[in-house]
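First, one chain by itself: the form predicted on its own, in structure tokens.
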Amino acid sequence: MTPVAETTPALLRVRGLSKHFDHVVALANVSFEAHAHEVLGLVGDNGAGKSTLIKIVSGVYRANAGEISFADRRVDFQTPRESRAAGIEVIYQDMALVDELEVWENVFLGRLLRNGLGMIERKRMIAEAAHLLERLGLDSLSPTTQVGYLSGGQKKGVAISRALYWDTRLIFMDEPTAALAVVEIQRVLDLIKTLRDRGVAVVFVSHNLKEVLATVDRVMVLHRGQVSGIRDARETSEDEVIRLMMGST
């Protein structure tokens, strides 16, 4: 099978991205692409620049140099709200869910649907949330369940559902399997593949190389703020990725 990266245009293009904080260089001339229908792994040791890269693309930080194109348009996001409006979401490890609220309320958190009179459309949002859960194979989960009663894997599904509703085209998933039981880890990895199959571009950030290589199509390795290599997941190994993480080629 020919890799997606060789047959489809890039959804996200990053060229020569650099970022420094005073005298500390966080990123230096980083270039890469992410494609629809693809899972791109992003790995690197602590301090390699992964979080900084995510925050620049999602509008939290401003780069000192370089350019970003998304959906064939040059972008310079000033805020996370702008990146979300363009179709980019970040699902962090803590997922930013409110345990005291129900599933549907978390899906529409901060973006409640209202009718022409300004009244909240509760029934519509419950129905929409149920449809999203069904799309992800989570139809056994009720949209009116309080999130605090859910397992870690189910909460991850709620966070993904929230991202999908807003026509998200690119999702960064930061350590999505951390602190999950084995069965739930596989469920989340399956959700990532489902997103890919539905045409979403997924950037999978993790320290677990086994999970990364079993899930992604390509893997990008950062070392001290630079790209030390991008490999087809089927043609590399944990040993090679570790060497790239250490700066060896």
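Note that residue numbering begins at 1 and tracks the sequence as displayed. Values in this document were obtained by computation on a predicted structure and should not be read as measured data.
This next part talks about the form predicted together with a small molecule, which is not shown.
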Pick from 48, 68, 189, 213: which residue has any heavy atom within 4.5 angstroms of the small molecule in the predicted complex?
-> 48
Find the only residue in 63, 26, 30, 209 having a heavy atom within 4.5 Å of the small molecule in the predicted complex.
-> 26
Residue 52 near the small molecule in the predicted complex, any heavy atom under 4.5 Å?
-> yes
Does residue 175 reach the small molecule in the predicted complex, with heavy atoms at most 4.5 Å apart?
-> yes
Of 38 to 46, 213 to 221, 177 to 185, 193 to 201, the segment with heavy atoms within 4.5 Å of the small molecule in the predicted complex is residues 38 to 46
